[in-house]
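Single chain ahead, written as structure tokens, the form predicted alone.
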């Protein structure tokens, strides 16, 4: 692949990250599963478990259908105080490329604002992603959200 194509592919990756973040910050839950492949993995896991190779995760979905079920849950069955979240995401660092698969890492910080309250740091960590091209569009085949703190709020309702 020549430099122009590599730059174009990286620009597409940046757009994927930007659109993903914009959708979940806007609460556009119907768009969230569309960023993933049909047989995707989405996982929210404490750093300690990840580094020790332990499988326990706070959330672990292994298909686009499971993500769609989560969207249904957010809308219809989970009761919580409403809040806004805002992501700040670093530029993704390309760890490796294997054929048509990109393996990336990006740091994130999520801030939460409840109505009538100050904004607080909600969750901080890094994404470990595997991205593939499906029918011309880049999609997450896997997104692991590895959070740094051992302490999390009593519920994580929205995607990180």
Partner chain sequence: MNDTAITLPSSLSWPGDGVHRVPYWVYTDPDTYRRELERFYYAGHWCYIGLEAEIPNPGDFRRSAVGERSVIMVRAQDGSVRVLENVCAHRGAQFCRERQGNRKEFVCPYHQWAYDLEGKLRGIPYRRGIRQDGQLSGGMPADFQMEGRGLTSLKVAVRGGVVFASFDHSVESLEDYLGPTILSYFDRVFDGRKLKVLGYNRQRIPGNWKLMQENIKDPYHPGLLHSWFVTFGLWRADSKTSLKMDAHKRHAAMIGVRSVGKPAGDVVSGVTSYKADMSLRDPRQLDIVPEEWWKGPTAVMLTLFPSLIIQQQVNSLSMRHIQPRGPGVFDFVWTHFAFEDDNDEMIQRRLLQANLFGPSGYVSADDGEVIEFSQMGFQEKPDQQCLLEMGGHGSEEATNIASETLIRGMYQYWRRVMGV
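None of the values given here were measured: they were computed from a predicted structure. Residue numbers count along the first chain shown, from 1.
Unshown form predicted in complex with the partner chain; subsequent notes refer to it.
- No residue of the trio 12, 99 and 126 has any heavy atom within 4.5 Å of the partner chain in the predicted complex.
- In the predicted complex, the partner chain lies farther than 4.5 Å from every heavy atom of residue 86.
- Proximity of residue 147 to the partner chain in the predicted complex: non-hydrogen atoms within 4.5 Å are present.
- Proximity of residue 65 to the partner chain in the predicted complex falls within the 4.5 Å heavy atom cutoff.
- In the predicted complex, no heavy atom of residue 92 sits within 4.5 Å of the partner chain.
- Along 67 to 90, residues 68, 69, 70, 72, 73, 76, 77, 78, 79, 80, 81 each place a heavy atom within 4.5 Å of the partner chain in the predicted complex.
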